[in-house]
Ligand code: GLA
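Below, in structure tokens: the form predicted on its own, a single chain.
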Amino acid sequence: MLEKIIKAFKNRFGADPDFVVRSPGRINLIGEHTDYNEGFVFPMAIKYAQWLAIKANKTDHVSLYSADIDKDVVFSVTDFSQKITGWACYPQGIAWALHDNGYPLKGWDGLLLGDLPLGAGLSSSAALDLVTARAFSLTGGFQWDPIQMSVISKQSENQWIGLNNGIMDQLISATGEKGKAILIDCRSLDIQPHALPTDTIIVVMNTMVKHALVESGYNDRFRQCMEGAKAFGKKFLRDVTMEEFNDGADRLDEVIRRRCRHVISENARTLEAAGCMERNDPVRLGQLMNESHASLRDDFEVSCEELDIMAEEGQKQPGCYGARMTGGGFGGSAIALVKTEYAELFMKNIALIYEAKTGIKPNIFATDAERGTSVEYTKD
């Protein structure tokens, strides 16, 4: 990919880039819709990523071309009176958030190229956020702080894009570690790397059903969670124990009750998952993943028929410890924790079953955990 993007940049702009940066997508092992409730999540960065080649242009504008969709855009790094629509609102939003926080910004020419599937629930938007932020740090000359840049990216998505998501996607794209999933406390932003159980691998099962979280029920779930927390006298559901929930559940609206039950139980499952990794227990970890999917399907209602087929049929396959939807839901991908020696058979079987049941050919791949945002090339 590095040679490919350098060549593409030179063809587009007539010179070699100054830098090439990459930011990975992610899957989440467990801990879904808990991040904006200031709870716990357990993501890992994956092998597919967004790449960006850049060259300073001595102006106050960014000229950005996406080779994947053959679209280009120009936006100012000082004047944000005109908001761009579509894919380019993400890099523009990063410029806005950095400017809003006083970071020095300089213009650059950039070319985007990636192998991260769009709309697959693998956080292509966060990868775009972080690769853009890294580009601005290189051209603007300010220190790269992955956690702070994750906070900046979250501000962009919340206030510029209008999506009330948490910080998980941005933080794992920025801080991922090779071979490790990362337990994240979404309140303190503490991160704890954990190795997957021995002889296991994650299989990603893209349903090929696209989702768009802004237009979906994502923001509705956020409002419902805030309403539930308020009913318990708390700011966030992270601070409501299961005992408190059981004592007060009867006074909640039925929908709010189910939303709260998912978040509170999901936080508990996520913390237990860390213990499973510490004691090398894939069996219990898989059970927790199965329980998580059922909760997301029934209580949080963010699954769909295609995700349910992937998870439920995956759970039946030899060598599979557990399977669940991953990401915001309403389409996208499911994941499975699979014994390594069964990975090829699992992928073959689930692809055949899914296509037979839906008529859709899925994209299925195995991945280890990869490192987060990195500079892959610096011009001598």
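Note that residue numbering follows the sequence shown and begins at 1. Here the structure is a predicted model, which is why all the values come from computation and not from measurement.
The following text describes the form predicted in complex with the ligand, which does not appear among the structures shown.
For Ser150, no non-hydrogen atom is located within 4.5 Å of the ligand in the model of the complex, even though that partner is not displayed. In the model of the complex, at least one heavy atom of Asp169 sits within 4.5 Å of the ligand. Using a 4.5 Å cutoff between non-hydrogen atoms, Ser124 does not count as a contact of the ligand in the model of the complex.
In the model of the complex, the ligand stays beyond 4.5 Å of every heavy atom belonging to Trp51. Contact with the ligand in the model of the complex, judged by any heavy atom within 4.5 Å, is made by just one of Tyr354, Phe346, Tyr36, Phe42: Tyr36.
Shown without its partner, this chain lists Tyr103, Phe245, Tyr218, Phe80 as candidates; in the model of the complex, only Tyr218 has a non-hydrogen atom within 4.5 angstroms of the ligand. Every residue of the trio Arg26, Gly31 and Gly327 has some heavy atom no more than 4.5 Å from the ligand in the model of the complex. Only one of 174-182, 286-294, 103-111, 158-166 places residue heavy atoms within 4.5 angstroms of the ligand in the model of the complex, namely 158-166.
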